[in-house]
Ligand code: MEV
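Presented as structure tokens, the chain that follows is alone, the form predicted on its own.
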Amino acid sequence: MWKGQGFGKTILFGEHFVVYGLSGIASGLSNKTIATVEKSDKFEFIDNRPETPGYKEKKKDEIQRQIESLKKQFSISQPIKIILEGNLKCSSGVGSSAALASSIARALNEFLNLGMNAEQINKAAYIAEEAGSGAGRVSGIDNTCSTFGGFIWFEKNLDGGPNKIERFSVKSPVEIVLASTGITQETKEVVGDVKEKKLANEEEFAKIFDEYRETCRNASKAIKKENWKTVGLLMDKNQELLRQIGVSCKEIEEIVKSAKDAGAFGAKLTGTGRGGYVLMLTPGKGLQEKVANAVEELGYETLKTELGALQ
């Protein structure tokens, strides 16, 4: 059998702001999907990944498009069995689909003994992500985090050209807690609401954007120095800006307060907002456990993982 892996991902800085061409920072998670390829007498796809209830059923067409894209890219004609496992729970916002694409691409590379490098694996995962989305071009953030791990600096090209993606890393991964609000939001709707608010308050948003630019620049410097106290303070600042543009909610705020009261260095929503996940920076296993317990006592499900893990 032949194996490959792909990391999950989370966004540290940039939710909604990247839509307007501002920079963002994302990271691979230490939780990953493991793909195994075996010879078989018929094509089989077995998905043993843990999941949020209903995720695989909801995403079955997207998953099928990804599989077909990878089979085509790797010119798979012989019958094989693909098995997905790992400790990355399938749910929206943690890069599950990119981890699927990257892990299978790596496993097929091993199976066929192609000798592909990480950049080539990343390109194959990107193409599969595009096919899976069914809507054409994707950002490239998720597959890059999934393939390489570490951190990435991202800027959307508003003119339609290639997006700017630069990778950087730290010496040691840092512990975090992710907590689910249990609320799923439609990204398109929330982005639309922010756009309407911006059009009605251009001067206010210009000030918010300036504050965010400085926040993101300083965050990049602090991450590279592994100055997690400063990173946490900047996460808190980012969360305040996200409140101002109207994408927080009472569940997010409850989790943020609980995490900060328990000692988290920083806490903010990650992803679309008005639900979804909250990211809490908790360097050290002890603090990670303390913060996770505090949030779980409120009834929220948590994931203890790390930022910055590398292949």
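A residue's number is simply how far along the shown sequence it sits, counting from 1. Remember, it's a predicted structure, so these values are computed and weren't measured experimentally.
Heads up, the form predicted in complex with ligand MEV isn't pictured, but that's what we're talking about next.
- Query: Leu22 near ligand MEV in the predicted bound form, any heavy atom under 4.5 Å?
  - Reply: Judged by the heavy-atom cut-off of 4.5 Å, Leu22 is well away from ligand MEV in the predicted bound form.
- Close approach of Thr272 to ligand MEV in the predicted bound form, 4.5 Å, heavy atom: Flag for Thr272 set to yes.
- Contact of Ser169 with ligand MEV in the predicted bound form (heavy atom, 4.5 Å): No.
- Tell me, yes or no, whether Val191 is in contact with ligand MEV in the predicted bound form, where a contact means a heavy atom of each within 4.5 Å. Close contact exists here: in the predicted bound form, Val191 approaches ligand MEV to within 4.5 Å, heavy atoms only.
- Item | Proximity to ligand MEV in the predicted bound form, single hit among Thr187, Ser133, Thr184, Asn163 (heavy atom within 4.5 Å) | The option sitting close enough to the partner is Thr187.
- Task: Taking only heavy atoms into account, state which residues of 8 to 41 are within 4.5 Å of ligand MEV in the predicted bound form, ordered by sequence.
- Result: Residues within 4.5 Å: Ile11, Glu15, His16, Val18, Val19.
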